[in-house]
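This document starts with one chain, in the form predicted alone, laid out as structure tokens.
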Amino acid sequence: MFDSVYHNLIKIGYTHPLHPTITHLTIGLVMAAFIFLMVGYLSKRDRFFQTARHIFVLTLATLPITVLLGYMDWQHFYKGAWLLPFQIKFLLAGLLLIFLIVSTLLAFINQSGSGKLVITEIVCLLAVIGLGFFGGELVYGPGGKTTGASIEKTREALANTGNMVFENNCSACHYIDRTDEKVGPGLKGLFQMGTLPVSGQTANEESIRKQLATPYKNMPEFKSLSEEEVTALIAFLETI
């Protein structure tokens, strides 16, 4: 869905994920709000509470963009693989949104601060720490022992799984090393063809998903394949 965005960025020389370009802003704002809130709470000076309130609003403004870019990177680089770090990151992002809203409301209801506000902001701080930690797990691997190549390793693992899905479901009808017809058309260079053979649909992930669910002409349907299997199969087809 978002591949065209990344392809256009590649044309101007940008090949990196988009999420890290803004995630530090959200994390930094949460930390700044916590610092100003604590200083205001300890010193009982309203101007620190006022600054914290403004930062809460700014944080809420940046969070949806941060989540959107994270979702785009997940779809593009990881093909939507439901890995544990992503599950936890989505959970923590939802928790952060809820407690940011609560913190903002509390800050405007009681402009002199309160113990409840401090507690909600501590939860926000812990949430962004968790988000940063599991983001690091994805980029660097457990314990930071690997490098950014983990994205490629994830793709490779998905493609290997997809190869098995292909062998079990598709190999009887399609070649992967040529474009000659077997029972169905050969699929070598499928994503470079521009259009899918036979159906003429655009050669992209969305068209392949549609083809598997509601096939064109004589191809059988594969509704029994799980979302994970379809994602892996598409990752494999991109490599042939």
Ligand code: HEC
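Here the structure is a predicted model, which is why all the values come from computation and not from measurement. Numbering starts at 1 and runs along the sequence shown. Each form is matched to the other, and the largest set of C-alpha atoms that superpose within 1.5 Å is called the rigid core.
Not pictured, yet referred to below: the form predicted together with the ligand.
Contact check for 170, 197 and 218: all three have a heavy atom within 4.5 Å of the ligand in the model of the complex. The stretch in contact with the ligand in the model of the complex, judged by heavy atoms within 4.5 Å, is 206-214, chosen from 56-64, 22-30, 206-214, 37-45. In the model of the complex, at least one heavy atom of residue 190 sits within 4.5 Å of the ligand. Contact check for residue 235: no non-hydrogen atom falls within 4.5 Å of the ligand in the model of the complex. Positional change of residue 48 between the shown form and the other one stays under 2 Å at the C-alpha, relative to the superposed core.
Annotation: Cα of residue 187 displaced by at least 2 Å between the shown form and the other one, core superposition.
Once both forms are fitted on their core, the CA shift for residue 105 between the shown form and the other one remains under 2 Å.
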